[in-house]
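One chain follows as structure tokens, the form predicted on its own.
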């Protein structure tokens, strides 16, 4: 059981995630992809746990680094918590343990190891990475290059939003509606602003060979990361990645979508500066900033969904909380021309209304 610090905004500080160990990591061989994004995407960095152990260090040198890293983590105390609700020393030491698991061939540093220990990065790089985590507040997920989300291990890259555990609910919502609706289960879905591809992959695991998904993102880097993750999970025949802004890459499927899901930018612009350092300094502003009241992209998606969904189609959007949820529901019920029905507010795992769902009439 992995207890991970989730650098979020208005979400719980700690979340429980499953972390596979050693041979449990998903290591599917890479294969060619049918996605249309390969010519425009940027190739992502390889996550630490996927790199070959081509480096080595003596046990004493590695223990010296580990003691230095523990002392650096301990020196933080509650400073980051007091500053911006960041990680404390206890969590940082836990992250250090996970870093050791990812960079060592055997997943640990043991006194019984009398030989050089094989590493996936150099010892010099380890010092650099941990200094970045503490001194620059670089997110741990960017340090190791992956995040554990649902039962997936997703590669992540600085410049692409780190998937949060509360977003897993979007996949659950889709699972519920397709369970007894063949038309939705076998239809074409869209994940708007896919980032790492987390939502699309989660839904792809449910639809499998029955339906298809088009996942879009404006960022070439996000397209590259999502393409890589789709290939690793063997879903390239189910999920197509397209680059572009919101509905622009979907003109050929207007009125044909069975469902639309999205976790769009929804942080009000003047709240960005007050986010945790891990978020505000390092995660892409384009994936966070939703305009003056955080509603710009949510309303744009809602308006576009009216023409993109087929009759009976389903939508599910994540928001910043109850105020935005109510605003979106009010728009759907009073300003959308009566196109939507069964509009609902759905709470997240903490009981906060965070999601809005609806059907196209």
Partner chain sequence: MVLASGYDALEGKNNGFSSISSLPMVKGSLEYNGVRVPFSLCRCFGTATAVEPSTSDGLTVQGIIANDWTILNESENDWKSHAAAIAQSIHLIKKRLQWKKLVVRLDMLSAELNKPDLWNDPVHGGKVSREHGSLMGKMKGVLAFEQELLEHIDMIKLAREENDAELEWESVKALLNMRRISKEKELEALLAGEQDPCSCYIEVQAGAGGTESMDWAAMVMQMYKMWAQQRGYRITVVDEMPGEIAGIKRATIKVDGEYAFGYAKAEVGVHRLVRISPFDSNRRRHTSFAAVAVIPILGDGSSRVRINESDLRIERFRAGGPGGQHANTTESAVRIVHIPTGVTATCQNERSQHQNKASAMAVLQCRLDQLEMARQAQMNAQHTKSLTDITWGSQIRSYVLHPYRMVKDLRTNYEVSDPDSVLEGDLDGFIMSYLSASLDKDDNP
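Positions refer to the first chain, counted from 1. Please read all numbers here as calculations on a predicted model, not as lab measurements.
Heads up, the form predicted together with the partner chain isn't pictured, but that's what we're talking about next.
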Exercise. Classify residue 264 as contacting or not contacting the partner chain in the predicted bound form by the rule of any non-hydrogen atom within 4.5 angstroms, answering yes or no.
Key: yes
Exercise. Classify residue 228 as contacting or not contacting the partner chain in the predicted bound form by the rule of any non-hydrogen atom within 4.5 angstroms, answering yes or no.
Key: no
Quiz item: So in the predicted bound form, does any heavy atom of residue 90 sit within 4.5 Å of the partner chain?
Solution: yes
Quiz item: Could you tell me if residue 196 has a non-hydrogen atom within 4.5 Å of the partner chain in the predicted bound form?
Solution: no
Quiz prompt | Stretch in contact, per heavy atom within 4.5 angstroms of the partner chain in the predicted bound form, of 124-132, 183-191, 237-245, 282-290 | solution = 282-290
Practice problem: Using heavy atoms only and a 4.5 Å cut-off, determine which of 94, 212, 233, 120 is in contact with the partner chain in the predicted bound form. | Solution: 94
Quiz prompt | Partner-contacting position among 173, 144, 257, 203 - heavy atom within 4.5 Å of the partner chain in the predicted bound form | solution = 144
Quiz item: Are 44, 158 and 221 jointly within 4.5 Å of the partner chain in the predicted bound form, each by at least one heavy atom?
Solution: no
Exercise. Taking only heavy atoms into account, state which residues of 133-151 are within 4.5 Å of the partner chain in the predicted bound form, ordered by sequence.
Key: 139, 140, 141, 144, 146, 148, 149, 150, 151
